[in-house]
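We begin with a single chain expressed as structure tokens, specifically the form predicted on its own.
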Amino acid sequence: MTPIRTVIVDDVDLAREHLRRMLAEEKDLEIVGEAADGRSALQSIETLAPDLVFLDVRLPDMDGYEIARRIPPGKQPVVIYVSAYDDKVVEAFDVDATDYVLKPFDRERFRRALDRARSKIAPEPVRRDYLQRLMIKDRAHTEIVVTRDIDYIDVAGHYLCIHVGRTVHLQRGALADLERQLDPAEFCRIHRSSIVRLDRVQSLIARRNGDYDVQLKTGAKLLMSRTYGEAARQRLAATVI
């Protein structure tokens, strides 16, 4: 795991030392620099490109907010302001502060601020449980179809036709509803009436009107319409031969 590169900015030696001690216990953080004034802070941020800065609000030559405003767009680190004064809290969030920690602070308050910073620097991916298998019922019989075995799905009247090799399973439902339940890393909508499994695609053959024929490794041929074409081609690129 890449450590979170951190810079400490405070004009008081003891304050910097206190932060160093607390940060030493955080295994995912690395202190890459320190500064005791605004000019040095700006130089450190520019040269070191930290992910996170602990920034004192009141410094000898400029305040912490001025420092934040001078950092070029696109190069701003996540900032946690640290101050012994609470009269500038509102202004901190005008410059997109992640947190404003009042001195003296304990480890619990420090950890809360760090957790907010972590969520900005490396947000947790949104996890979703996609279908791994389909339960297809036919009167008293229920067939279990594993999604990784599906070649493609198309529509016939009110039924979804789920193609697994030479077998076609029929299930009532809407294609859009099933599409939302399938992993987009594995399946792709290529037409208003068909979804294909990405790793089954062998080639694309362009038509004059902007549509494509999608040739599957199984020998099946599907139509990819212009409506879905651009987005589908980007996702199919890795599997196209």
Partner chain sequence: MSAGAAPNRHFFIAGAFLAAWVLLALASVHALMASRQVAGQGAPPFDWLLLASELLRLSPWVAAAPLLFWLARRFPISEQGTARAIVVHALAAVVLIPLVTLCGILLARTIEIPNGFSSLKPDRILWATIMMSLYGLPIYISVAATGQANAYFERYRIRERLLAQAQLRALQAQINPHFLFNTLNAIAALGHRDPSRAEIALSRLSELIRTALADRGQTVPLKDEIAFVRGYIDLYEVLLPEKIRATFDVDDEAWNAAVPPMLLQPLIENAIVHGIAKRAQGGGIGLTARKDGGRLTIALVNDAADKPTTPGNAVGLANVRERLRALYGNAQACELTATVERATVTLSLPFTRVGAARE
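Positions refer to the first chain, counted from 1. Note that this is a predicted model, so its numbers are computed, not measured.
FYI, the form predicted in complex with the partner chain isn't displayed, but the following is about it.
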Report the stretch among 113-121, 72-80, 155-163, 91-99 that approaches the partner chain in the predicted complex to within 4.5 Å, counting heavy atoms only. 155-163
Can you pick out, from 39, 207, 180, 58, the residue that has a heavy atom within 4.5 Å of the partner chain in the predicted complex? 207
In the predicted complex, does residue 108 have a heavy atom within 4.5 Å of the partner chain? yes
Residue 16, heavy atom within 4.5 angstroms of the partner chain in the predicted complex: no
Quick one: is residue 84 in contact with the partner chain in the predicted complex, heavy atoms, 4.5 Å cut-off? yes
Would residue 170 count as touching the partner chain in the predicted complex under a 4.5 Å heavy atom rule? yes
Given a 4.5 Å distance limit between heavy atoms, list every residue of 20-47 close to the partner chain in the predicted complex, or none if there are none. 22
